[in-house]
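The chain below stands alone and is given as structure tokens, in the form predicted on its own.
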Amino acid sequence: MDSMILSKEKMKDFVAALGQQKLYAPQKEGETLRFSLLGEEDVPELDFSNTTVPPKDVVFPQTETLYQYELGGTDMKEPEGGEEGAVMGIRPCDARAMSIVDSLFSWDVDDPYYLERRSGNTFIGLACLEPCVNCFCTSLGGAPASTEGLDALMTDLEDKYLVKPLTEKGEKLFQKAADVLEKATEEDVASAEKLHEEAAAKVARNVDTQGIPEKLPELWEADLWKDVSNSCLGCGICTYLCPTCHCFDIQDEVEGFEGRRCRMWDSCMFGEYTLHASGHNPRPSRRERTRNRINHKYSYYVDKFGTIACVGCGRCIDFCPVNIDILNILTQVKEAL
């Protein structure tokens, strides 16, 4: 598939050329940068290191209605299926995270809500040319210009983007906007490849994960879990902003005679997450909850799906209000092995 050039001056024309297709892209909401549906006059906000909220909420919404019902009735009204759309400006780490989580949502029972959105959207990546200070994607098999989980990859070439379709879906999407695109030159492609190599060299932080998945269970009673969790507030921001975290709760909400069953994000860092109806809690303190979070990402998920459930985006480090650093935790784990 041939690479193309999208001039930044023609971005609004590109969005218009997609017609009625839903387009999600980074947009500012106060101080928060997150993926949201573009309006007719909006253009994507693509000048950023990474979004605050990962694009997982496009395919796995923070709150969603599974079905509606009336008290005393027997009918259930399910929400209408979503229209086809596109998600533009995803960093490669976040796209790779979706590929990792796909295994969970299509495991023993397919999750129709997630999988419908996953298959119905076209995912357009944006190569990361200036990795954030706490990025460590290269330690986990990723790269600033990785194409895993993407249908197309864009690279910023100052006044234009090099666009490389990767799948049939990606090519089909950009064919809709063929009138505002130009054919890329060999120089354009070479410039992008050079930028990709330079970006990979800029990833400053790293961790050696060799041996961690196999040895973590041996550290079950280690003192390090108490040490690393002492300052934790239990706010859950590390899981809410993690592109691979997928825990959810399901509740019924009733008003009058109408009700709905909905699911919403949950966090294993909350005390009530494992609270039994009897009052017993197998994870009574933040020590147990921190231990579970690290073991789940770096051991349990590996046992079940063959990959670490972390892509090194660094959000849990960047936004932790008490500066807990997962790389410091993993370093202590390595030292204790």
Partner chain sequence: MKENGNPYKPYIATVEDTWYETYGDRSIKTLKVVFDDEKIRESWEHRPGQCAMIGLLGVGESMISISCSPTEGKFLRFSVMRMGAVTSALHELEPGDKMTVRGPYGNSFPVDEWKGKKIITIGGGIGQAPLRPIIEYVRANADNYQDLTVIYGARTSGDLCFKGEFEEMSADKIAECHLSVDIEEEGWPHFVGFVPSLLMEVNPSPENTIAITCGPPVMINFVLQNLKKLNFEDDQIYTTLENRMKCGFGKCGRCNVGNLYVCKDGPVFNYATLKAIPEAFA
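Here the structure is a predicted model, which is why all the values come from computation and not from measurement. Positions refer to the first chain, counted from 1.
The following text describes the form predicted in complex with the partner chain, which does not appear among the structures shown.
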Candidate spot F105, D266 and K304, all three touching the partner chain in the predicted complex (heavy atom, 4.5 Å): yes
Only one of E182, D111, E193, E84 has a non-hydrogen atom within 4.5 angstroms of the partner chain in the predicted complex; which is it? D111
Checking E186, E158, D208, D252 against the partner chain in the predicted complex, the residue with a non-hydrogen atom inside 4.5 angstroms turns out to be D252
Looking at 63 to 71, 23 to 31, 307 to 315, 42 to 50, which lies within 4.5 angstroms of the partner chain in the predicted complex, counting heavy atoms? 63 to 71
Would G141 show up as a contact with the partner chain in the predicted complex if we use heavy atoms at 4.5 Å? no
Report whether the minimum heavy atom distance between A200 and the partner chain in the predicted complex is within 4.5 Å. no
Does P79 make contact with the partner chain in the predicted complex, using a 4.5 Å heavy atom cut-off? yes
Wondering, does K215 line up within 4.5 Å of the partner chain in the predicted complex on heavy atoms? no
Heavy atom contacts to the partner chain in the predicted complex at 4.5 Å, residues of 316 to 335 in sequence order: none
